[in-house]
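Just one chain follows, in the form predicted on its own, and it is written as structure tokens.
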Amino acid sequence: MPSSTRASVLRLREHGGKERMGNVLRSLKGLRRYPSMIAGLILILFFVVLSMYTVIALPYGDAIRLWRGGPGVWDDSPRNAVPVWFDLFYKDSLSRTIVVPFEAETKTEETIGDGMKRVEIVLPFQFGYDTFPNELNIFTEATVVTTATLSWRTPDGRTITIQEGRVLRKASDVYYVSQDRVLRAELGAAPHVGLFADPADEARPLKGDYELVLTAEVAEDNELDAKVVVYGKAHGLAGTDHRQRDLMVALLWGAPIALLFGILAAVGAQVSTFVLAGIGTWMGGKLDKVFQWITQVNLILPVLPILIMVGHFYSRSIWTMLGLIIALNVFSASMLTYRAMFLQAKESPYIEAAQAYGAGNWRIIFRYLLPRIAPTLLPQFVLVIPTFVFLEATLSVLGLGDPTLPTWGKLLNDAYTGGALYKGYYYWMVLPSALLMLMGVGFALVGFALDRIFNPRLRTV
């Protein structure tokens, strides 16, 4: 190839590269003209920072253990408690969960002869809220089966016998006081209400210092410990569900899972579509026809029903769904859009010059053709991320999400199956829905602004 021809090609390529770079820099300097993009970037930055904090503060293994639960994991959490900031909307202060652990007990032991001892355990706590608790449980640990008497001391000096001759099982045992029907009949109200009710006004709790007293006679070489948990009506920043799980676990981990799923799906689908469109457009002939035929067939395929079928009959793994979503979106409508752009780019002077000096097809595609249209890939990439995020949430809402992962869609599915709206647990559905919408709005604002920046036909200034 003559040196003059090569130099001409290099000048054309350099000129085109500088022109594109100049356009990009001018466009980025004009970001101040798009306040919607600034707002979108702030929202995206919020979710990125939230995801980083979540991964560091709550490692994946701990999150899965907390979300899946198990014996003793959520013993100290209330059931169906609203977020603590709901206090702002109530005149009366909502009760919080009070845990008097084993270490806080006051234990006295007295030898009574014949190798026996009398043990008295006092569990004191202060209750100062305007609403009654949700539940009341007593946890005990004993080396052997033990019989004990449980008493309740109120701030006004009354002593209420909760149960006499209570059999405490060996090792750990739980006494669900709120479910004791005999005590309910004696008090004339739910135990967690009757034990706290003010005698002067039974509609309100009596504030002050309470004590749970446990007495038992055991062998001198045996040990006995106890703790009491008073479950409140408000708990944490996100509340709890019917399984006593803190919803903050799913709200926090929903952000990195949603971002990771959306970004991986967008990168896998859009980059594949972009590259294949460039190859098909340049090669032309049968290859281009095959790509167009696959695209037309794929456009009429119902994506969601296919994913539902796979979830029902094969696997609900998030990685399986991710791979299938990418495969179904490679030959999407974007293939036609990119093809139209590549047809126009094929006529560029430096492309013709590259052909003149004998550049191969693959060199022309990856060194000249694809970089020419690459700036338009960014807004398309940003715009489709919320589409995939909502698609993953949709599968979870339908009960087809990965059962092991705490996600926003899984929260919505649990809220639906648990009748959250019918029971007044609006926070259970509002919080994950709001986060999903905010993430979608953030990417949409940035994507539309980038589209106006990099697409000359959409520029207003």
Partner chain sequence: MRKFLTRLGRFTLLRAFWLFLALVVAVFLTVVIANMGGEMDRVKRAEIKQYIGMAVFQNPANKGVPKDVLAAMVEDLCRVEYKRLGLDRPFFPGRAFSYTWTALSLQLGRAERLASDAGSRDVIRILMERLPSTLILFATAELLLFLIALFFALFLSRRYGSAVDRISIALAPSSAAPGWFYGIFLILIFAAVLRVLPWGGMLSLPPPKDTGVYLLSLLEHMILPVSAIVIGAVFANIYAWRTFFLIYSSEDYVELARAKGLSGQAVQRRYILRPTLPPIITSFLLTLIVMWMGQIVLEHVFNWPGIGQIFYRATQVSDTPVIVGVIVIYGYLLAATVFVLDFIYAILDPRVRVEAAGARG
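Positions refer to the first chain, counted from 1. These figures come from a predicted structure and were not determined experimentally.
Unshown form predicted in complex with the partner chain; subsequent notes refer to it.
The partner chain in the predicted complex is approached by residue 397, whose closest heavy atom lies within 4.5 angstroms of it. Although the partner is absent here, residue 314 sits close enough that one of its heavy atoms falls within 4.5 Å of the partner chain in the predicted complex. Though the partner is left out of this view, residue 46 does not reach within 4.5 Å of the partner chain in the predicted complex, counting heavy atoms only. With a 4.5 Å cutoff on heavy atoms, residue 55 does not count as touching the partner chain in the predicted complex; it lies far away. Proximity of 64, 74 and 165 to the partner chain in the predicted complex is absent: no residue of the three has a non-hydrogen atom within 4.5 angstroms.
Taking a 4.5 Å heavy atom cutoff to the partner chain in the predicted complex, the contact residue among 88, 203, 200, 301 is 301. With the partner omitted here, the residue from 373, 283, 144, 308 that has a non-hydrogen atom within 4.5 angstroms of the partner chain in the predicted complex is 308. Contacts to the partner chain in the predicted complex (heavy atom within 4.5 Å) from stretch 271 to 293: 293 only.
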